[in-house]
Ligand code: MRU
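Taking the form predicted on its own, here's one chain by itself in structure tokens.
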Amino acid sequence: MVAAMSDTVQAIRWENNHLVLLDQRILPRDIRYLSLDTCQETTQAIKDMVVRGAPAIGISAAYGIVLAARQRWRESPATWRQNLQQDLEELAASRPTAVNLFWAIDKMRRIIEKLPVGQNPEKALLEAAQQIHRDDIEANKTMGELGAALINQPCAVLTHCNAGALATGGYGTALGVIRSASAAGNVQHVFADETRPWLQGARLTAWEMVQENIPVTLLCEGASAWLMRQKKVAWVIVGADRIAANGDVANKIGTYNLAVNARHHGVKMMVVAPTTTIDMEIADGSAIPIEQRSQDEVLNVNGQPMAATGADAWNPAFDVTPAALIDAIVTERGVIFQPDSVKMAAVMENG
């Protein structure tokens, strides 16, 4: 039952005409769903990391636009399109690095522009959001198979942050590959970085692996190089929040460290992401906006001070791994080995 957990525990649901999000801030201590009625609530949930992971953010934004359109239509059927623009702008500002957010907003905006004057937009927009959700799950399962095919003998792998069912519409990107490879008998153990400061590896990835009965060992990020030196892992497998046209990858802070160490130790580096995460408008990683989050996230744990009073903190949410350090980018359209601008363009043109 490879997809047992990812089929039953979903980060995003549409129920009773509301967006329902699994509150990932309190996992694994508590499983609690929040029912959202407005686009403003959806935007705040994205900002506050109730939902996180680039694909999941994009899907949530699409549903948020459904809620926004419903509210604006009820307020004024004659001016709902104009009034909706503020909601779209606020959504777009919620998390600047995750390109799936902007992809989803643009896709929904194009549908809005085509709707006949005087037509209630909710039904058409809901159908579009649900299709985005379904497409993401199917893409994840395809990537799971393609990525698993690269792992051709039993081994252990290392992953960072969380790129599983919780970060997507379901099944997962990096963890989707791990699930598929585990089912084939070729991933025998998973090492997961804790992922400070939000501890997505400790709270989310380890939890997903436990639910799947895939052996998992947690480690501090600082132990990863020594783990590789011990020849304990064959692959580093991660997701992505934005991929530039040349194959540079923005992902959770600490991914660049892993890529540098992996190359030094002869460990292969795999990035797993749908083509909706690829931004062909950005030539390379230097142009990817990197979200800076509050220093309080580093200075405190669960709201309690942990650092010396008076100390400051630097808290970039993401870093950029150069394409030269990546062995394979796995997308639903195929695998890009040793990515560069030409290979990236070829895959995107195939769509």
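Quick caveat: nothing in here was measured; it's all calculated off a predicted structure. Sequential numbering from 1, following the sequence displayed.
The form predicted together with this ligand exists for this protein as well; it is not shown, and the discussion that follows is about that form.
Comment: 54-62 is the region of 299-307, 31-39, 280-288, 54-62 lying near this ligand in the predicted bound form, near meaning a non-hydrogen atom within 4.5 Å. When this ligand is considered in the predicted bound form, Ala167 lines it closely, a heavy atom lying within 4.5 Å. Contact annotation for Ser180: none of its heavy atoms lies within 4.5 Å of this ligand in the predicted bound form. In the predicted bound form, no heavy atom of Leu158 sits within 4.5 Å of this ligand. Of the heavy atoms in Ile243, none are within 4.5 Å of this ligand in the predicted bound form.
Scanning 302-331 for heavy atoms within 4.5 Å of this ligand in the predicted bound form gives just one residue, Phe318.
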